[in-house]
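To begin, one chain is listed below as structure tokens, in the form predicted on its own.
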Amino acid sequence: MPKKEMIAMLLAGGQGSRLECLTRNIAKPAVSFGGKYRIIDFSLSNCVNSGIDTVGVLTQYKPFLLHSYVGIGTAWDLDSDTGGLHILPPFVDEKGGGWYQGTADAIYRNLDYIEQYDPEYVLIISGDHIYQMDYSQMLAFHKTQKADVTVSVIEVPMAEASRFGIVVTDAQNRIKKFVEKPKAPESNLASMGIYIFNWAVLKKALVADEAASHSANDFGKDILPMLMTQKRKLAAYRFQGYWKDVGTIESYYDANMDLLAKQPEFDIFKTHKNIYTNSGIYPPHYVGKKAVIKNSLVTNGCTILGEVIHSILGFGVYVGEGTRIEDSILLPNCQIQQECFVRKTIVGENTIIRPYCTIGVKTNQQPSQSGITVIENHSEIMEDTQLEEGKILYRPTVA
């Protein structure tokens, strides 16, 4: 393989358990977003738009849909003979094998993959964030700083800082302290989980980490603190733009609803770079004579016969006559039949809601996850069903 200046390693194997039933049977990066996309589209598109033509996608949890969706990267122009996109699941070799034990272990187990490109730099990213970034600008900053590692950071509200890895920097943006999810944060500069390593530094650190019996094999908990102890130069790249970790029901819902704001901070219609996707070919959406649509995103293949208010509809969604959808996210190929009312609900892919159902009923009790009702993919809600707000509905497991 020809030598590469920088390749990307995209971590896409996490379970995403905080997304509840949305990830019971698929990996979090494969979850639908914004009607047209899946979450992994944003990281892959960032790579292409940054001139990165070699991406290793590390998968593990429930990977079938993600594998079939990503394929060989054709939709993102990553089907190159001299690089391209490669799926990297866990494997067994002559020494044994098993599941990836952490983010650092996942990269360590794929050192041979990286070695064949002999890169100067390795970009580590995640497949479960919503953002647009030009990684080439981060690389230019990394070179200017003469850093061993550069961590992309963003300011977050101080009240939320304990959810992230927090960095403390000096006036030259050199990282003086890094603490993973501190109880009492010293700053609000949060790591975005995006790292650029000098390849020689990364390789040495991964080998040392793998040999440490006490290690959790995690970049935030182990690799970065180790490099700090070794007095390596860690720089903080301050990202200015929209970024959301959609790891919870609330953050996933909010990030989708952000697209419907009057002046959205992340405007998918005015982005300076394309967001590529492999969402398939569907006919144009159809709007019936009595249909009403207000402040909503409606994707190809939808049939709208009822009312859709401040909602996002994935491709192939059906909304029947007399049905009203409010403040909701309908994932691809779901059907809401006639005379239903659906409020502040995430309806899973390929779900059928039979006639006369009321979903998201307000109650006097304090609802869970901010009153967002969630229905698992491939569910069937029978006629005349009522579901209270905040309910998480799992599809019954077939024995």
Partner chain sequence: MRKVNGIISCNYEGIHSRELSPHRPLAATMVGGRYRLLDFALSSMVNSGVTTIGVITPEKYRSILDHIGAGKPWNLDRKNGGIYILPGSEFGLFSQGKKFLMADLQRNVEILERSSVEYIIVSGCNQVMNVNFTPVVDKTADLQADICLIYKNIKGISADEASGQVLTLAADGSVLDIIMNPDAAGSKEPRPWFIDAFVIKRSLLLKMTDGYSGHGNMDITQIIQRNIQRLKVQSYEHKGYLGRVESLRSYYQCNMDLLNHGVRHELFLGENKIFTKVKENPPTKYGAWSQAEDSIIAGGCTVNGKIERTVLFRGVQVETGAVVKNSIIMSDSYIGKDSILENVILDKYTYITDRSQIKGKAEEPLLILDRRMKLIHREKEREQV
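Numbering follows the first chain given and starts at 1. For clarity, every value in this text was computed on a predicted model and none was experimentally measured.
Keep in mind that the form predicted together with its partner chain is not shown, yet the notes after this line are about it.
- Comparing 218 to 226, 204 to 212, 163 to 171, 67 to 75 against its partner chain in the predicted complex, the single stretch with non-hydrogen atoms within 4.5 angstroms of it is 67 to 75.
- None of N300, N188, Q132, Q145 but one reaches within 4.5 angstroms of its partner chain in the predicted complex through a heavy atom, and that residue is N300.
- Listed residues A261, V92, A200, M158 were compared with its partner chain in the predicted complex; A261 is the one with a heavy atom within 4.5 Å.
- Using a 4.5 angstroms limit between non-hydrogen atoms, S279 touches its partner chain in the predicted complex.
- A residue is said to contact a partner when one of its heavy atoms sits within 4.5 Å of a partner heavy atom; K183 fails this definition for its partner chain in the predicted complex, lying far away.
- Although the partner is absent here, G371 lies well away from its partner chain in the predicted complex, with no heavy atom inside 4.5 Å.
- Taking the partner from elsewhere, W99 is found to have every heavy atom lying beyond 4.5 Å of its partner chain in the predicted complex.
- Contact annotation for 271 to 296: residues with any non-hydrogen atom within 4.5 angstroms of its partner chain in the predicted complex are H272, N274, I275, Y276, T277, S279, I281, Y282, P283, P284, H285, Y286, V287, G288, K289, A291, I293, K294, N295, S296, listed in sequence order.
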